[in-house]
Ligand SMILES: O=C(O)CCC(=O)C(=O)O
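Before any questions on how it binds or moves, here is one chain, the form predicted alone, in structure tokens.
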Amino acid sequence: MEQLSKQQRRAWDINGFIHLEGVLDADEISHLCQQVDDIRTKPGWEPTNLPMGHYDWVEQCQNQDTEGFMDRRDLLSYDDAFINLIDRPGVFDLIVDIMGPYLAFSMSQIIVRASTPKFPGYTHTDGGEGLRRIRVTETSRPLAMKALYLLTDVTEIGSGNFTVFPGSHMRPFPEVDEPIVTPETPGAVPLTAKAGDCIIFPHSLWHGPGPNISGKARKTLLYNYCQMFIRPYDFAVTSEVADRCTRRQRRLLGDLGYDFRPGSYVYVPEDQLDVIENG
């Protein structure tokens, strides 16, 4: 499998993210954008009036404007293109190099950030307040990490740029009892990127979308991975989805090759390395 270059490893260790260029080609971008637009009319998991981080089943996205805001979870049943991103070559290889082979897939998400002067941006760490306080050491595998795929160009500041605080994944950072972290907090770096690029980062890196006043929506896909002993939290795998997956994809979705028994997700299957490395 492909491994991080020395420059990528240095970027990961010091900054806490890696920007991969041109991961998706033009046809893939076009197809995924069409899927994102079509999903607005279909039932699925969207945020409603539940507490932050919780999603409710809706018959369709409340905003039917393809340039309007959308936040949809659990994408795999909609199209095979979403399944194939689970172990996307050139991205998944690097995730395995960073996390190790004892990992699971735990989340898929569409976020469309509309162009509006009303949204000031949002900065956070993944996993909520509890996981925010857990930072592994420089030599440790991360507990969880994400791949963010851009489906639209974000080449100018003010386009809903993915904004990061380099190095914040390894050090204490302002939290609840200190000033609120925003995309305008000193140290924030708004990233520019093109459609088809991918940014990978750990759960503990402070990040989020900046303001979007570009006149067009920013469309992204987010795929999350965690160590196997952490329970995947975002989806229930149906047989309809599993039947369309490869052996490796099924393993990443929780199919261990045998019926569940206590200890299953702590002591990994004997064929784990072969499944992850060889597909």
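For every residue, the number given is its place in the sequence shown, counted from 1. This is a predicted model, so every value here is computed, not measured.
The same protein has a further form, the form predicted together with the named molecule, not shown here; the description that follows concerns it.
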property	result
Contact stretch among 84 to 92, 110 to 118, 189 to 197, 165 to 173 - heavy atom within 4.5 Å of the named molecule in the predicted bound form	110 to 118
All of Y102, P269 and E277 within 4.5 Å of the named molecule in the predicted bound form, heavy atom check	no
In the predicted bound form, L222 touching the named molecule (heavy atom, 4.5 Å)	yes
K146, heavy atom within 4.5 angstroms of the named molecule in the predicted bound form	yes
H124 within 4.5 Å of the named molecule in the predicted bound form, heavy atoms	yes
Touches the named molecule in the predicted bound form: P142 (any heavy atom, 4.5 Å)	no
Residues from 1 to 38 in contact with the named molecule (non-hydrogen atom within 4.5 Å) in the predicted bound form	none
